[in-house]
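Only one chain is given next, in structure tokens, and it is the form predicted on its own.
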């Protein structure tokens, strides 16, 4: 399908990262995109309903793998921007595809040109994702379960568990661990070098299954021992560790109960 004919329609996007990678690759290759996204037509759509450009891309892992390779080869920062745009859940996919089409037209500096509205919007959303990933790398607190698994309960503003996985996989080595997103009711389980994604009740069930008051007491004792009261700065502390994280931090949970998030 030519860029001219596709530009008259919307592209279908099923909400998955794989589908977004394929659409970004299409925009990069064509140097244009239709300018709007829609959800795919349901399976029961009428026989004569017209399929829209981008509809076949779906979330085919093999097609996504090919798109990923081309994005890395030709699109510079596009793969990272795709991942962070998807994790942000802020609806910045149109800005991403506009940027991809600009890169496809040979505008090599478009991804760093903050005079472009789409670049400013996309980069701001990605910065918020990066900031939360950085915070949770230091603020995730793991509790030992009776089955030997270490589990961390999280409630991130953005869907950042996929970006946290590599960091904690390096830290835990062969030790089994789980990251549980209470807000989205999803979890990632790493065991024996394999990653498993779970959702719903299965995800929530990966949380701590026993009292770990002794471990929490050790955390509180450690932080009390290293704290220097003369350098206490509550304002800075809240900027680095916003109060919404405190209920999952043993050293601050009791303070957090008295604070308004």
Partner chain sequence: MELADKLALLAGAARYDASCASSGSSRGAGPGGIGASSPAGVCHSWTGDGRCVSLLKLLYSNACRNDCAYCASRSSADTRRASFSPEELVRITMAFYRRNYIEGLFLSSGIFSDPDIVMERLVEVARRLREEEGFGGYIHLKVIPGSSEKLLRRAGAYADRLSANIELPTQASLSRLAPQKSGTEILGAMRLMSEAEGESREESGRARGWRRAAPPPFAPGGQSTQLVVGASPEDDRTIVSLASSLYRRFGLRRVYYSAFLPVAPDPRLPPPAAPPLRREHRLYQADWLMRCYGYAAEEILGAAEPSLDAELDPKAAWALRNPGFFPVEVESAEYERLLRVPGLGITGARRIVAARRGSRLEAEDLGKMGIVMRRARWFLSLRGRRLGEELGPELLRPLLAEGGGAARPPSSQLELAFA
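Note that the coordinates shown come from a computational prediction; the quantities given were computed from them, not determined experimentally. Residue numbers count along the first chain shown, from 1. For the two forms, the rigid core is made up of the largest set of C-alpha atoms that agree within 1.5 Å on superposition.
The same protein also exists as the form predicted together with its partner chain; that form is not shown, yet it is the one meant from here on.
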Contact stretch among 229-237, 188-196, 62-70, 25-33 - heavy atom within 4.5 Å of its partner chain in the predicted bound form | 229-237
May I ask you to choose, among 105, 170, 183, 74, the residue with a heavy atom within 4.5 Å of its partner chain in the predicted bound form?
-> 170
Go through 94, 80, 144, 162 and name the one with a heavy atom inside 4.5 Å of its partner chain in the predicted bound form.
-> 144
Its partner chain contact at residue 205 in the predicted bound form, heavy atom, 4.5 Å | no
Residue 139 near its partner chain in the predicted bound form, any heavy atom under 4.5 Å?
-> yes
Indicate whether residue 37 is a 4.5 Å heavy atom neighbour of its partner chain in the predicted bound form.
-> no
Exercise: residue 89 in contact with its partner chain in the predicted bound form, heavy atom 4.5 Å = no
May I ask you to list the residues of 79-113 that have any heavy atom within 4.5 angstroms of its partner chain in the predicted bound form, in sequence order?
-> 112, 113
Note yes or no: does the Cα of residue 201 move by 2 Å or more between this form and the one not shown after the core is superposed?
-> no
Is residue 192 one of the residues whose C-alpha moves 2 Å or more between this form and the one not shown after the core fit?
-> no
